[in-house]
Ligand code: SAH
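Shown next as structure tokens: one chain only, the form predicted on its own.
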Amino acid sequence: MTVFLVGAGPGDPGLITVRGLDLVRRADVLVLDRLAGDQLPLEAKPGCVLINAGKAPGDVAMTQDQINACLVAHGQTGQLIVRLKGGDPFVFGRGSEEAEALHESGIDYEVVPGISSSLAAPAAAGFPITHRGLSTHVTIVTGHENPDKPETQTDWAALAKAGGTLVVLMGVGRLTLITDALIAGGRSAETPVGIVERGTLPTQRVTTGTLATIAEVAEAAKVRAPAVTVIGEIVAVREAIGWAERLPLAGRVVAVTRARAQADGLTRRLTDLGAKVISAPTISTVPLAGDPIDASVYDVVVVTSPNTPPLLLDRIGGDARVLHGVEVAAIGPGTAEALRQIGVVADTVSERAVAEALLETLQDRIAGKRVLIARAEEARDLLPEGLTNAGATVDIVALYRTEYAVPTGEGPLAADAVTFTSASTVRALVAAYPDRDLTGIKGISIGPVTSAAMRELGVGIGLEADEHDLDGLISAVLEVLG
């Protein structure tokens, strides 16, 4: 096997390359850089070994020599090893040193480039590092040189005279020395400067000033690494073309408690609106084994949640055509969309994603019919009891079980809002934090059943969605936080 030196990109997990993400998902061992972020490791397959090799000021998990030795040792096992590095491995990432160590040990390696923060952070902040009429060239330099060197290798006086745009990585700690050196070298003290903290992330912050003022401004604003400093006339263009702060959920933090397998759509949409999303799945769905289902013996098949359609398809033999002639009824538009994804168009869809709404739709015409309800193991009995009382013969098949999962990473309780898509997610969050007062959180509920669980268990309700689907949930988040 080969050791892959993979660039994770500038911070936003969506900016890793397709090749890089594929390798992360296939890796047997992930050796993680601090700036690789906390979301990409969640893409690792079950059983993947995660090794923290992060380095931060005053907090070094592994020295560079130890990292090199770690890569060599694991590279000799024949497994697929991924060294996941922030930005691009060869742009001030010390990837070349790791490649040299692997080469000297006779271990094959491959470099997968990443988007460097030196390019991405300015772009995310609205700083075009080249601009016709303002800057025809750009220079990228580190502000954090090897402390063991007796003198700097950076000719700041020459950079001051070079003009154009100057992008400084890892320079926050030496900002006063850098700006003084550039002014002493001849760069105008009035040259605009912008500092981008946490570039490309929803928590991105931009601080601006001039060469003469930026060190003082940054200290007052408590600017902290990771940050990229941009120096040049192009900084002034940001007022016209800066875009990130204009997103409706810019700077907001939203926790998604939905099971990881179902959370992608919600997470993507919140991220597109500018939110920082904390992935905090409180439940997981576990498929249940069972006998094959002969759908042809039923007049109506009721599908109760978006989790159900692929499991139902498997139990009816993998061929949706066997449902021909059978009325398929779905609880809510979200379930209907999940049915479409397996090639089934629901005949009946309740407008609201609650059992009461579908019961109201079916009960006047269900007498004498045989009904199959495909659902979770622990679902409410309101629907089968209601249809039975209306004269139907009802069979229930449990296709999956919902299990609690303890949230990892950043705690959802630190978010500006927490989304709940089912009563199960509410109960699981309460179980995960048994000693915490949850009345003060801004819980965004997808519908009345979820809201009832929140009231019963003492979880704060910021708002209930008018439409009981993901569109409605997004609208509610925007109303509360936008």
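Just so it is clear, the model here is predicted, and its values are computed rather than measured. In this text, residue numbers run from 1 along the sequence as written.
Form predicted together with the ligand: not shown, discussed below.
Residues placing heavy atoms within 4.5 Å of the ligand in the predicted bound form fall in a single listed stretch, namely 167 to 175, out of 390 to 398, 167 to 175, 67 to 75, 307 to 315.
Across the proposed site, I129, S135 and V230 without exception lack any heavy atom within 4.5 Å of the ligand in the predicted bound form.
P226 is the sole member of G386, P192, P226, G163 with a non-hydrogen atom within 4.5 Å of the ligand in the predicted bound form. This chain appears without its partner; in the predicted bound form, the one residue of R238, R198, R269, K276 with a heavy atom within 4.5 Å of the ligand is R198. Residue contact with the ligand in the predicted bound form: F92 places a heavy atom within 4.5 Å of it. Contact annotation for T282: none of its heavy atoms lies within 4.5 Å of the ligand in the predicted bound form. Among residues of the shown chain, G86 is one whose heavy atoms approach the ligand to within 4.5 Å in the predicted bound form.
Using a 4.5 angstroms limit between non-hydrogen atoms, T402 is distant from the ligand in the predicted bound form. Taking the ligand as it sits in the predicted bound form, the stretch 113 to 129 comes within 4.5 angstroms of it through a non-hydrogen atom at S116, S117, S118, A121.
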